[in-house]
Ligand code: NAD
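Before any questions on how it binds or moves, here is one chain, the form predicted alone, in structure tokens.
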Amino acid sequence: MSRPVRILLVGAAGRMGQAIARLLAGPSFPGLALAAAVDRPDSPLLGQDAGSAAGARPLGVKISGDLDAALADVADVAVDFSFHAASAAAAPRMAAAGIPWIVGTTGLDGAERAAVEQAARKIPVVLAANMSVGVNLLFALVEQAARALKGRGYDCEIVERHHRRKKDAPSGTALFLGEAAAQGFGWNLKDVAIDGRSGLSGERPEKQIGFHAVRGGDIVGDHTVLFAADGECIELSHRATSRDTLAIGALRAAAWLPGRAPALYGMRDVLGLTPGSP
């Protein structure tokens, strides 16, 4: 029997990091094992066992604040749910270490995304704002719908809802949905995106994709894409009721990525939703 894929978990003290640790402590992923766990140097969970800190059985791996030391350990893949600036800063170090890298952080600006893309020239990288199977299927459906509705008078709006502690808006998933819609319509999202509306904003132009962010309570993540025309409205929606669905996707990516050629991949590649994907 081959040994399990060894994971370096970055952002181990966060919500997603803890969800991944809980799954690794359970029976669902016997082919994966936690090799190292890292969080920011001021995290109150430093020194604690990553499994215990997540409310699961001990995994025998303590949470460290030293990414460079963790990269020196033996790991087959890094799973990163830290913070967008931290992920960008880690990009050249991941590339230098030669470790396949899964990036689930959201809120990357242009320069930060460019740093991840630069690393993908040397190592295989999965970059995804949302790693659930359902959301990635939604991306494909939104693009298909927009292509079918192009030129038929349908307006596109995206509404997303998340918990009160989420720091970025619109969510990374909402932006990816916007990219999918823009791709289907044949538009450049940067040219047509608008964040909410206020005051006398005027009539809605034909080429526009609106984003609307709701924050409150402990909402894990709800996303709806509306295609509205005179006389009807089509809605494509996804609701996450547990972060485990996102963590499961990340662990699927962790099992898939080692051994791949250096390139920038998405979850549609991991899940086989891209034409011609393995």
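Residue indices: 1-based, along the sequence shown. Bear in mind the structure is a predicted one, so any value in this text is a computation, not a measurement.
Below, we turn to the form predicted together with nicotinamide-adenine-dinucleotide (NAD), even though it does not appear here.
J.: Only one of L149, L189, A169, A86 has a non-hydrogen atom within 4.5 angstroms of nicotinamide-adenine-dinucleotide (NAD) in the predicted complex; which is it?
T.: Only one listed residue qualifies here, and that residue is A86.
J.: Quick one: of A254, L24, V270, A13, which gets a non-hydrogen atom within 4.5 angstroms of nicotinamide-adenine-dinucleotide (NAD) in the predicted complex?
T.: Looking at A254, L24, V270, A13 one by one, just A13 meets the 4.5 Å heavy-atom criterion.
J.: Which one, 210-218, 25-33, 225-233, 39-47, holds residues whose non-hydrogen atoms are within 4.5 Å of nicotinamide-adenine-dinucleotide (NAD) in the predicted complex?
T.: It is 39-47 that comes within 4.5 Å of the partner.
J.: Taking heavy atoms only, is G104 within 4.5 angstroms of nicotinamide-adenine-dinucleotide (NAD) in the predicted complex?
T.: Flag for G104 set to yes.
J.: Could you tell me if A180 has a non-hydrogen atom within 4.5 Å of nicotinamide-adenine-dinucleotide (NAD) in the predicted complex?
T.: No, A180 sits far enough from nicotinamide-adenine-dinucleotide (NAD) in the predicted complex that none of its heavy atoms falls within 4.5 Å.
J.: If you check in the predicted complex, is F81 within 4.5 Å of nicotinamide-adenine-dinucleotide (NAD), heavy atoms only?
T.: Yes, F81 is a contact residue.
J.: Taking any heavy atom pair closer than or equal to 4.5 Å as contact, tell me whether A70 reaches nicotinamide-adenine-dinucleotide (NAD) in the predicted complex.
T.: No - in the predicted complex, heavy atoms of A70 and nicotinamide-adenine-dinucleotide (NAD) never come within 4.5 Å of each other.
J.: Check each residue of 119-142 against nicotinamide-adenine-dinucleotide (NAD) in the predicted complex and list those with a heavy atom within 4.5 Å, in sequence order.
T.: A128, A129, N130, M131 sit within 4.5 Å of the partner.
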